[in-house]
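Presented as structure tokens, the chain that follows is alone, the form predicted on its own.
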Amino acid sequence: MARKFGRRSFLAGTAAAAMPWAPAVAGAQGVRLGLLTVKTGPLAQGGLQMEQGLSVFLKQKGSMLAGRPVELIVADTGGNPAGAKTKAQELVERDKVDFIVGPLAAFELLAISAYIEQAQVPLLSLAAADDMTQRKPNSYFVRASATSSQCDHPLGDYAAKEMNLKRVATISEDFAFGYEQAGGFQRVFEGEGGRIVKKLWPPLNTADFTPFLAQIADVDGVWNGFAGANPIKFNQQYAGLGLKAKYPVLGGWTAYDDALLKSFGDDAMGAISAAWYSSDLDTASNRRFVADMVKQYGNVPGGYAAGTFINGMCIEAALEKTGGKTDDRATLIAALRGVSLTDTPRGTFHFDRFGNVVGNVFIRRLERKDGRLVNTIVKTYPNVSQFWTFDEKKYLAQPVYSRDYPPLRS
């Protein structure tokens, strides 16, 4: 049965009667948060984690931020651009929210970007489309997770320098998120002397990767950028064809997200991934966050849950700067973009001038410990910018990473 959320009360994923910690809001002006998530369709699992992460944060805070009670209004976008735009308009015009968290997918984010900037409502999203904080920036947008390519820049560095890989094939879904991830990996890996010898693009709903995997040969490793349920199928089929024994496998953060690990088998062991969040990170806030997620939902959190939890921390820090006031939107977004935090589930971070995060990227190895699969951090790249170590102006003068950029070298 689907959970019910009242438009004027925060239900934290449970019935209101089960929340003795939630304060009454009568007689006090509350801060209204809108969550654009996905509760149906193929993206629903990530959407559920987004809802859980924000719920855990607000429960830890007793549903109070900067001395003001919080009202959370959850909207299901249906995982499509039209639904995202309709629900964003309802949150702004009907529900009068002060902040919007979400949506999940880049195509949803792009559908609402112009409207959000016109409405001047601060938007905090996990959607990773590079150009939202690069060539087509939105002045009311903040991203505390990462761009599509941000984690794969350091992964390319690690693959070349510490794994000593020379020839790599890449494989990912045939859409923008895959292109931008692969582009980031390729650019840095080749800049350090490696070479991408083949780029494979299965359609998003591919059930059988065998025709693509059959094209992999004469490489030192294989990078994948799959998301959703595709990483599980990919690793099973990759190992089943004997490729795992030949070529080590690497991946972006969605490919080996912590929340997925319970669905993997030993076929994924040894995978190297790069992520902006890892449940293995030993900070006070992350230990508490992981413990609360396990206690309340029975799940080890991954990036979707961590992302909205951290969004909540950013909102709280901004409200503390404004004394809890939300009426001056220019002041509010300036406060939000000026947030700099130390003890968070992802570690220390701040925002650049485009509103994109500068923070840690973790290189992890997938291992079995105490009978379960875990990502163990083997290296931390601190203060990773969306521009990596490249000159910002030169970076922005080049095309956004795409299916054919950077090109394969002949």
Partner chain sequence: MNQWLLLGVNSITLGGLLFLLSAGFSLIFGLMRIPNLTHGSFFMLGAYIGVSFLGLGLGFWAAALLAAAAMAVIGGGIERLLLRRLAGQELAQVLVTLGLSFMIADLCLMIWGGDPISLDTPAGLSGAVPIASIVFPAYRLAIVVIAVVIAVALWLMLERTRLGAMIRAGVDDAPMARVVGIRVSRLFTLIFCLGAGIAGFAGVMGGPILSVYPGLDADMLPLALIIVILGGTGSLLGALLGSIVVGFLYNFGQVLFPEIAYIILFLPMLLILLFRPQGLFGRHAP
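Just so you know, these numbers come straight off a predicted model, no measurement behind them. Numbering follows the first chain given and starts at 1.
Missing here is the form predicted together with its partner chain; even so, the following discussion is about that form.
With the partner left out here, its partner chain still marks one of 228-236, 275-283, 189-197, 149-157 in the predicted bound form; by a 4.5 Å heavy atom cut-off that stretch is 228-236. For the options Gly338, Gly240, Gly323, Gly270, the residue carrying a heavy atom within 4.5 angstroms of its partner chain in the predicted bound form is Gly240.
When contacts are judged by a 4.5 Å heavy atom cut-off, Lys295 does not count as touching its partner chain in the predicted bound form. Among residues of the shown chain, Asn375 is not one whose heavy atoms approach its partner chain to within 4.5 Å in the predicted bound form. Taking the partner from the other structure, its partner chain in the predicted bound form has a heavy atom within 4.5 Å of a heavy atom of Gln45. Although the partner is absent here, Thr210 sits close enough that one of its heavy atoms falls within 4.5 Å of its partner chain in the predicted bound form.
The candidate spot formed by Lys59, Gly67 and Ala119 is out of contact with its partner chain in the predicted bound form: none of the three has a heavy atom within 4.5 Å. Annotation for 202-225: interface residues with its partner chain in the predicted bound form are Pro203, Leu204, Asn205, Thr206, Ala207, Asp208, Thr210, Pro211, Phe212, Ala214, Gln215 [heavy atom within 4.5 Å].
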